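Next up: a single chain in structure tokens, the form predicted on its own.
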């Protein structure tokens, strides 16, 4: 893809140790940008020479201030968040502190330190709450708070709203105004992704990927990490005067632009690692009850053993209910064009890291997981059938 020129200035990336934040930082560094990564823990990878890392907690304003290191920061990419998937979704207090309070700290720091541009990494979830959406656009309103199915989606909406409302606010010491925008990406993938794909591969290795669910015609979207990096760079440039501040105060949906059935998207990974793609398809309602029981089981046992829930209710919605969005606004105003990618590079990455059909991860030790899965499915079936009977 044609790489836009980025001025030689200093940027700060919150969540800079995470998969996307680190990738964004490295891409900007390669363009000659001075990069400061800010995160609560150090990156797993070696930090390239010339990139600064500042360790700190986004929930503490004094630590956010320290991240600027007396540098004249021209743009903040606010990537840090918490509670997107799995057991993280079940910690409402921490989710609110990071996503809402932490974002407010970033806005305040930008205003006090005279940072003129703030790009917020949002999510499809600020609009999606389990309802079918086909080719939706940025004119769709936020949901009422009580209709968000999880704390993450609700808090990301509140944070995005606060960021966009901060657009045009005055910077201290007469340094102009703050210009903000928000990018709403689909699910992120790419080699080395550490949140969703390792969990899926672990289910394959444990023998837990026995079924798919929902309508085979349901469609969702994904975005390759490099497309998302490209979108963020374009958004930051679109907050500048020479672009007419076109992105100022605006949200944008970004994805690969290829709606696909969630499970068909993963088929190349499953088969590429030598596993058989499931032929059993279960009703979405049954899996929703299964997710409720999974969350309940985690609530009861989580303090003794903080296991990874197989599925949460929100994950059922996100994977089984059609929701995809138009890229027209991002194309027109940012110049965004998604480049084509596939999962072959991820198959190769996992194989290079010892994963695959004949890996050492398989064995009898996962029989307990199989038993728990079957038990929860049976209980879900009974609950679903009972509910169906009562509604007749």
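Numbering follows the first chain given and starts at 1. Owing to the predicted nature of the structure, the values given are computational and were not obtained by experimental measurement.
Below, we turn to the form predicted in complex with a small molecule, even though it does not appear here.
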To verify the annotation, which of these, 329, 34, 59, 355, has a non-hydrogen atom within 4.5 Å of the small molecule in the model of the complex? 59
The one residue among 231, 186, 115, 163 placing a heavy atom within 4.5 Å of the small molecule in the model of the complex is 186
Listed range touching the small molecule, judged in the model of the complex by heavy atoms within 4.5 Å, from 81-89, 278-286, 237-245, 172-180: 81-89
Assess the spot marked by 15, 20 and 123: is the small molecule within 4.5 Å of a heavy atom from every one of these residues in the model of the complex? yes
Given that the small molecule is not shown alongside this chain, does residue 95 nevertheless sit within 4.5 Å of it in the model of the complex, heavy atom to heavy atom? no
Close approach of residue 151 to the small molecule in the model of the complex, 4.5 Å, heavy atom: no
Since only the chain is shown here, I'm wondering whether residue 40 would be in contact with the small molecule in the model of the complex (any heavy atom pair within 4.5 Å). yes
Under a 4.5 Å heavy atom criterion, is residue 196 part of the interface with the small molecule in the model of the complex? yes
